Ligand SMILES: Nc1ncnc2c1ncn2[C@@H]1O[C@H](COP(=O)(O)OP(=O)(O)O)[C@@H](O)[C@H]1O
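As structure tokens, one chain now follows by itself in the form predicted alone.
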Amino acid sequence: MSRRVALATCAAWPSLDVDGPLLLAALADEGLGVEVHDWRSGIDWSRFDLVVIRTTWDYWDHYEEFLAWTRSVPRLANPAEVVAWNTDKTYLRRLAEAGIPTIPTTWLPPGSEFTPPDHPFVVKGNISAGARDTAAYPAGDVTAVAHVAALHAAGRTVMLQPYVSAVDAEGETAVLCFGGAVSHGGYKSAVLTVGAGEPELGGWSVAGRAVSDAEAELALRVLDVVRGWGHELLYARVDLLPGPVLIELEVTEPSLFLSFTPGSASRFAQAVRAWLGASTAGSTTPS
């Protein structure tokens, strides 16, 4: 009997994203039975050998419900404890403390005073996705005060970062890692424009991109740190700015850029099969 895998999505993305057909075909080629379900559907997730979070792109509107759902799924990738820390961007502070090069960040919890810095800067909340509630401002722009106040009023910690202007010309590099190994790379154009306010969701271009040796090395260093925290990851997208320097570690529901690199969907499917094999051998899903 084939192992059964569910891909978790949301009501707005019933057929997954553009990578969906490639991913479904690759998993089937590995002999896996695959179904796609809305994470809020209320189905019995225990009937699957593995549930893989994919396009759950409404979780930020149901955050506590989403975290509770992850804890309720018996065999989830990436695991619930990973999702819990990865959806709060304060994990970047832990990575920086572990020696990973990150964008210098000032953390402003609710009640903190805020003075706009004398250089272009970025304001974002600690819980967000797809650049929601995020904007870049010119030096000294006092309009950012209202932005910070709104995030604080919502009980969120504010991240204050310098704007890295090199991204305007070079964009971001996404390093996709499956089963702890680098698979391929992706390109995303600059998401923010200084002074333009919060960007439109998905209002940036994406493409394939070769991963440099330095970028691959940094991505694997990040995974090593997470492994030291006690977590093996089925998938990870390590988002880098020129340097390279880490901007985000996406291990909850990242786009995977599969359509740009032949063979990448197969590598993901092989990682899923290996994860299931490790689960069978050790009686529990890898964590």
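In this text, all values refer to a predicted model and were calculated from it rather than measured experimentally. Numbering starts at 1 and follows the sequence shown.
What comes next is about the form predicted in complex with this ligand, which is not displayed.
Comparing 179-187, 119-127, 94-102, 149-157 against this ligand in the model of the complex, the single stretch with non-hydrogen atoms within 4.5 angstroms of it is 119-127. At least one heavy atom of residue 172 is located within 4.5 Å of this ligand in the model of the complex. When contacts are judged by a 4.5 Å heavy atom cut-off, residue 248 counts as touching this ligand in the model of the complex. Though the partner is left out of this view, residue 83 does not reach within 4.5 Å of this ligand in the model of the complex, counting heavy atoms only. By the criterion of a heavy atom within 4.5 Å, residue 211 is excluded from the residues contacting this ligand in the model of the complex.
Just one of 191, 206, 216, 73 comes within 4.5 Å of this ligand in the model of the complex, counting any heavy atom, and that one is 191. Taken together, 132, 162 and 167 are fully in contact with this ligand in the model of the complex: each brings a heavy atom within 4.5 Å.
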